[in-house]
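Here's a solo chain for you in structure tokens, the form predicted on its own.
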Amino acid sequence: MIRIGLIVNPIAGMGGRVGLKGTDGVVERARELGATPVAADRAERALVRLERDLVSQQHKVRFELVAAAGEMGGDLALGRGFSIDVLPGGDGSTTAADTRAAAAELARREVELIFFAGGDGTARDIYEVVCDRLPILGIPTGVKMHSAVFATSPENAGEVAAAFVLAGASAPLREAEVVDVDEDAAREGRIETRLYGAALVPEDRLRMQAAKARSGPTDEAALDAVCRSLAGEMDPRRVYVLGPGTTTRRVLAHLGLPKTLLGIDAVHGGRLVGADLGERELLELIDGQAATLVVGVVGGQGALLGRGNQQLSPTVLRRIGLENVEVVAGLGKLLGLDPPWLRVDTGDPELDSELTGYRRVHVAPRRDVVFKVAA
């Protein structure tokens, strides 16, 4: 019998669309801004894919899912097409202590893998309990997800978990970084990242994401030049929405405007018309307006949409128009991606499918490269 433990952080990711850079310590504020839970839906998508891949193979493997109680996993697990065991207890709370307690109980029950839905904070809490004694696998549910313990999408997480079960004792593993960003510092525009350790994860180069990496200095001149070019070519009749990051900050710097480093800003007619915008403010701002979205690429991961910029929701992206998305990145950053793909994980599988294919990336003035986009 192969047993996988399931933990869901039901509040993970709630701060994303409302522009809070995370959810730690600001759940009530997120709710006041209109945030709704996203973790259950994303965990459900992963479990559906896990079930699909395992139920057809039941003659080959005996499998049991051991889930934390209630909305931390048990509610979602019940009714699946495989054996379920739900941990006792659970009072409805979802603190870091509850996550650690569930991880400790799953380790005591000797599950072969902890399958969890959350973000970097959830990964850190679980790692602090199991360290490198037990493999873990993350369903990407948080806002940032800089750690390398996550699959690139909920569906890919389900497939990686199924492959782990089917491989049994011979399942290949590797070490992956567990990192987290200080969310209070992020809300003040500072990036302070700490490495907590290296967890064991299933080896799957195509469906697991890499850790976020800093860009090297090799592209400075070309990147600055293309950002200057983008700033100079802005149509004063359009609203320009700029995603987070240092690359888009360069664009606004060439207009003499400030940029929210980890937020979404907007420019119209050479003026800053919105700073650190959430989904609701973005929709109000671009209502009835022609708009263009300018986004960068997350180094190491290749993430284009769905990591740290959830304010760019499926509704916002459709309102802007997928044909009006401009991508800018340093060539060295792109060449360092392995596999050499850009990634999208917007929360809407249908939209992700529309975004896949190939897209031009501006790397220098009058120079583009074409990169594959995958979900």
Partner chain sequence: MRRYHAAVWDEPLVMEMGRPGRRGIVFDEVEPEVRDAVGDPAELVPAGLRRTEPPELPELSEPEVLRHYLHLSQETLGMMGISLFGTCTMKYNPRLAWELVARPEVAELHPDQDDETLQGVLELVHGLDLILRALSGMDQFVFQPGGGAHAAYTNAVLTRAYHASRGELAQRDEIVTTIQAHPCNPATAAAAGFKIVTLPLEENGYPSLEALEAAVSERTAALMVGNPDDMGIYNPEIDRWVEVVHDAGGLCFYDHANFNGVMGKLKARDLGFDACMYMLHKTFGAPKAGGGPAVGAYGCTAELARFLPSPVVAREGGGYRLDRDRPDSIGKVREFFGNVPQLVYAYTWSRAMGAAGIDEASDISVLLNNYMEKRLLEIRGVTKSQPHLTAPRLEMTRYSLGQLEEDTGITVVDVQNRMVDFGIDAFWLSHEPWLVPQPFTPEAGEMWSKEDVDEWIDVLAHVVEEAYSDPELVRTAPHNQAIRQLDGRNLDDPSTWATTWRAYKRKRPVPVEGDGDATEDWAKVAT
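Note that this is a predicted model, so its numbers are computed, not measured. Positions refer to the first chain, counted from 1.
This protein has a second form, the form predicted together with the partner chain, left out of what is shown; the following refers to that one.
> Using 4.5 Å between non-hydrogen atoms, is I320 touching the partner chain in the predicted complex?
Replying inline: Answer no; every heavy atom of I320 is more than 4.5 Å from the partner chain in the predicted complex.
> Heavy atoms within 4.5 Å of the partner chain in the predicted complex: does V370 have any?
Replying inline: Yes, V370 sits close enough to the partner chain in the predicted complex that at least one of its heavy atoms falls within 4.5 Å.
>> Just checking whether L331 would be counted as a contact of the partner chain in the predicted complex - the rule being heavy atoms within 4.5 angstroms.
In response: So L331 counts as contacting the partner chain.
>> I'd like to know whether P349 contacts the partner chain in the predicted complex, with contact meaning heavy atoms within 4.5 angstroms.
In response: Contact check for P349: no, nothing within 4.5 Å of the partner chain in the predicted complex.
> Looking at V61, L335, V48, V55, which has any heavy atom no more than 4.5 Å from the partner chain in the predicted complex?
Replying inline: After the contact test, the surviving option is L335.
>> At 4.5 Å, heavy atom to heavy atom, what parts of 248 to 282 sit next to the partner chain in the predicted complex? List them in sequence order, or say none.
In response: Not one residue comes within 4.5 Å of the partner.
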